[in-house]
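Just one chain is shown here, as structure tokens, and it is the form predicted on its own.
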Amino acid sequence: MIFAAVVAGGVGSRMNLFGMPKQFLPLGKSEKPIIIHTLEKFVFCKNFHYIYVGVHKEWIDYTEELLKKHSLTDKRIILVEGGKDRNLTILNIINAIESNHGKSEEHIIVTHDAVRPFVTLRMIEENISALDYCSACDTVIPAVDTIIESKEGNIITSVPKRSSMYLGQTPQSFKISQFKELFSQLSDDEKSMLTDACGVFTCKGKEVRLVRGDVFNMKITTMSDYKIAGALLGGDMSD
């Protein structure tokens, strides 16, 4: 079976406006919340058997109301309590999947940040297709600017060759059984260091294929990101 996992478990520590996490903020002239823009893209993809959404436990009821308000009544959408970080939210979703639908070597999952509302159907479908040939894939764009490494934060440590540098986005997709197996092999230090699922695969020496992303597939993290995203949907940059 093919599952989506929209990760919305954060509480917006870097950008919490109006007393709510950023994924619930209105975006563009329609003032539709960011998470609704994102979920609509996944609902549009008919390949998914179910679309799981990992939400902080204090915001599950609120999310349910948002879905009703914006007529997202697709029965494939299932809300799950999120974890304290991204990978633990994904594990909570995986546990719910296996509880509801059983374990299978064939289960695959397409994970995505709730605050990347400009994901396209092409990216989603290419993530799904890539798993016919690999166990994991990551959506990326080539680095346009020169990448500078500075281990101490005040002098240049190295300048990697730009032609081999990419910027990671989401979706990130993988076979569920392999992710669980690899995650269980991580040390506590590795679990605290790794910030995404594909990092788990690469840490354990597994191949991760690249899927072409898009510069517009931005993650809304800061107020500047929020203003730019709103402008892309016809809003005012000065808001």
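If you're wondering where the values come from, they're calculated on a predicted model, not measured in any experiment. A residue's number is simply how far along the shown sequence it sits, counting from 1.
Keep in mind that the form predicted in complex with a further copy of the same chain is not shown, yet the notes after this line are about it.
The partner is absent here, but in the predicted bound form a heavy atom of 167, alone among 131, 72, 167, 78, sits within 4.5 Å of a further copy of the same chain.
Think of it this way: in the predicted bound form, a further copy of the same chain has a heavy atom of just one of 151, 122, 103, 84 within 4.5 Å, and the residue is 151. Taken together, 45, 59 and 64 are entirely out of contact with a further copy of the same chain in the predicted bound form: none brings a heavy atom within 4.5 Å. Listed stretches are 122-130, 157-165, 89-97, 103-111; the contact stretch with a further copy of the same chain in the predicted bound form is 157-165, by a heavy atom cutoff of 4.5 Å. Although the partner is absent here, residue 209 sits close enough that one of its heavy atoms falls within 4.5 Å of a further copy of the same chain in the predicted bound form. The closest non-hydrogen atom of residue 202 lies within 4.5 Å of a further copy of the same chain in the predicted bound form.
Within this chain, residue 214 lines the site of a further copy of the same chain in the predicted bound form, having a heavy atom no more than 4.5 Å away.
Mapping the unseen interface onto this chain, residue 232 counts among the residues with a heavy atom inside 4.5 Å of a further copy of the same chain in the predicted bound form.
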